[in-house]
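Below you'll find only one chain, the form predicted on its own, shown as structure tokens.
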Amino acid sequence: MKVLTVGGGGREHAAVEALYRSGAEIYAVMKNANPGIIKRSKEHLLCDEKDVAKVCSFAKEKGVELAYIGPEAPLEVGIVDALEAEGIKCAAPTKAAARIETSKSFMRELVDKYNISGNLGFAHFDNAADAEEYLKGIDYEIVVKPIGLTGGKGVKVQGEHLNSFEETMDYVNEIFDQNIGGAGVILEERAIGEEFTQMVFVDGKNIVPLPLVQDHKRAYEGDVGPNTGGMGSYTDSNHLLPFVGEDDRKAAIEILQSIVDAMAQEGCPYHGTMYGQFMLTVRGPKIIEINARFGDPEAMNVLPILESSFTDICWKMATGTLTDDVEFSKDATVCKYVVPKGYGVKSESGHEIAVDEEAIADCGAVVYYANVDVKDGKLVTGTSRSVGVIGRAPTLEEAEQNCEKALEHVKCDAIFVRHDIGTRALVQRRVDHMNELRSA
């Protein structure tokens, strides 16, 4: 099957590898020359991923039958609507369905309208004065988010990033003054607990759950520093997490099924991978955000252990024929992102980076290229995450060790890594935190 892929990041490289393993002939569109994607593609086009006309023209010219869209930005501008108008099936949501991610107020109001469990208190505003008046009237900590897309970097939390009323209002004003996210601000009740990711495949009505993953947003070891797009993630061999039990996972899956049902009732049925980010609290899972695609880096944990044909799954998601016979191997995976110095604040870019894929494979790991490019025949870093290194093994501890060994084979003079991701100490801290909250 001829498959169009859109996107040039680590998430998209992982998806391309899964499509390639399942026999797809790949035609890739991306804004950067990702060497891993280029290696697996029959042909590729370098262009703005939001240039709908150019992407559609390339897809028609190559006779593709199915499209996989990786990033959220092309979804927001309606790339799926345009491709489907040309008769190309898409394992991704339409512009209307992608609002579950592209508009945080749409998501919260949908969950509220259909009385779906897991919602948090929220209010959204189109001006700073009304937001300030609201903040003066509440006595609990909140989370400040731009309503629109910010690449996972726009969230600030009272008590972590914002330590006074003045700091909170400074950020609210910054969102409006700089038009961050482009659609106003949403203030949400702060949930206390541990975050986890439950992703599902969706065909418009049916869902199939993927293994649970935990991402790590903070830039530096010990969960400090600015929020990022994600510094790394892990999944355990039993497809759960050490602090998430079967009942909590079932509750999260039921929330996602209810959202899919609600979207169908709203006339915008959802097709593609849906990403549910939850906070496990003493009152069960609470919705932090819903995304209209794979998580990044979470895709790099689950796609390497997918044993079923990803091409078949994408076709079934696109055509409303999804079945629950999707198989994953019982391996643990640990992903650690290699990122440019300054990432999360102001990245240093343009540094040459060397990746020894064979040596990484010998370590029981795999590497996915992300925000890198080829300049003058050399692989160089961009301003975002550079490469994801994923250790795989029967146990979480072995997978983390394999990842660490493999990281030695990525060389650059201006990079850093969060080495604590997937370690016994950090995972135990998550478990202890949940036990403390429950006992209190």
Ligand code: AMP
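All residue numbers refer to positions in the sequence shown, first residue = 1. All values reported here derive from a predicted model rather than from experimental measurement.
Unshown form predicted in complex with ligand AMP; subsequent notes refer to it.
Remark: of stretches 140-148, 79-87, 249-257, 168-176, the one touching ligand AMP in the model of the complex is 140-148 (heavy atom within 4.5 Å). When contacts are defined as a non-hydrogen atom within 4.5 Å, none of Asp236, Val302 and Ala393 contacts ligand AMP in the model of the complex. The contact residue chosen from Lys95, Lys217, His124, Lys316 relative to ligand AMP in the model of the complex is Lys217, the criterion being a non-hydrogen atom within 4.5 angstroms. Interface residue among Ile288, Leu135, Met263, Val208 relative to ligand AMP in the model of the complex, by the heavy atom within 4.5 Å criterion: Ile288. Taking the partner from the other structure, ligand AMP in the model of the complex has no heavy atom within 4.5 Å of any heavy atom of Lys341.
Within this chain, Glu352 is remote from the site of ligand AMP in the model of the complex, having no heavy atom within 4.5 Å.
Residue contact with ligand AMP in the model of the complex: Asp331 places no heavy atom within 4.5 Å of it. Taking the partner from elsewhere, Lys336 is found to have every heavy atom lying beyond 4.5 Å of ligand AMP in the model of the complex. Although ligand AMP is not shown here, in the model of the complex the stretch 249-284 places heavy atoms of Gln277, Met279 within 4.5 Å of it, in sequence order.
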